[in-house]
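Take a look at this single chain, the form predicted on its own, given in structure tokens.
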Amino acid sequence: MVRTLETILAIASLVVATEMVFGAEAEFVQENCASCHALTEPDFEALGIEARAERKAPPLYYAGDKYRRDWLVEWLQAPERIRPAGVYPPAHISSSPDGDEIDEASLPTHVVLDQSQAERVADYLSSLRPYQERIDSVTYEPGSISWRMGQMNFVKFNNCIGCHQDEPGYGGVSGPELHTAWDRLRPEFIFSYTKDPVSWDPHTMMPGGDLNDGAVEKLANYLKAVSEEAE
């Protein structure tokens, strides 16, 4: 992704300002999260696509553009695995006569925070919004879709089921599970990332770029329906 010097300087200034406001929280996140998560945007071009295999966890430098703050607070106190086969599945999957098997022992565990820590860390992560303009430009308004049509889009028309699970234990394991996606992710992020995942992560394993707005809206509305069905 090509960025102008003005944009780079603006993001750098935002990072500095954020760290000044959230000094203790920024230090805590740096000490406890930086070994696995990217807290600043990598130089994707310099690293090359092979760097994807070295990832241990998803990037957090745009956490505020991505996650719902209340979900972060709850999850940090009781983390459950979102990516069944880790952030880079080839490193944790082996073939067997019965099909692909996940090496659970090779998957990292996540630190557990108490409520006070979770609140402070969630506040800090929610302030990391380098792509706020991108999120603000999304015009998607959450709507409704019939369960049958939504699942047909997810399973048959778009084959999301090949990589993702829309219910626990059912679907692929190479992508994050999506039965908690609506509770976890901001609706605008769901739309924007589904529409053009490479613009968010040049090293993503998710294909994209070939869905029109209507198709993306249907997928987003299905994730909303999945969350409502689970309530």
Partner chain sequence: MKTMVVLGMLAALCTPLSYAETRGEQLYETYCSQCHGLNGAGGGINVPDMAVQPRDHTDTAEMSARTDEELAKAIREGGKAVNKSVLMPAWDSNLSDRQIDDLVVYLRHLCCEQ
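Residue numbers count along the first chain shown, from 1. As the structure is a prediction and not an experimental result, all values here were calculated from the model.
There is another form of the same protein, the form predicted in complex with the partner chain; it is not shown, and what comes next is about it.
Asker: If you check M149, I102, I135, A118 against the partner chain in the model of the complex, which one has a heavy atom within 4.5 Å?
Answerer: In short, I102.
Asker: Let me know the one among S106, T139, S144, N159 whose heavy atoms come within 4.5 Å of the partner chain in the model of the complex, would you?
Answerer: Spelling it out, the residue with a heavy atom inside the cut-off is N159.
Asker: Would you check whether the partner chain, in the model of the complex, lies within 4.5 angstroms of a non-hydrogen atom from each of E50, P89 and G208?
Answerer: Checked in the model of the complex: all three residues contact the partner chain.
Asker: Can you tell me whether V73 touches the partner chain? I mean in the model of the complex, with a 4.5 angstroms heavy atom cut-off.
Answerer: Although the partner chain is absent here, V73 would stay clear of it in the model of the complex, with no heavy atoms inside 4.5 Å.
Asker: Is there any non-hydrogen atom of I82 lying within 4.5 Å of the partner chain in the model of the complex?
Answerer: No, I82 stays farther than 4.5 Å from the partner chain in the model of the complex.
Asker: Indicate whether G171 is a 4.5 Å heavy atom neighbour of the partner chain in the model of the complex.
Answerer: Yes, G171 lies within 4.5 Å of the partner chain in the model of the complex.
Asker: Is T204 one of the residues lying within 4.5 Å of the partner chain in the model of the complex, judged by heavy atom distances?
Answerer: Answer yes; at least one heavy atom of T204 falls within 4.5 Å of the partner chain in the model of the complex.
Asker: Can you tell me which of 125-133, 94-102, 107-115, 74-82 lies within 4.5 Å of the partner chain in the model of the complex, counting heavy atoms only?
Answerer: Going through the listed ranges, the match is 94-102.
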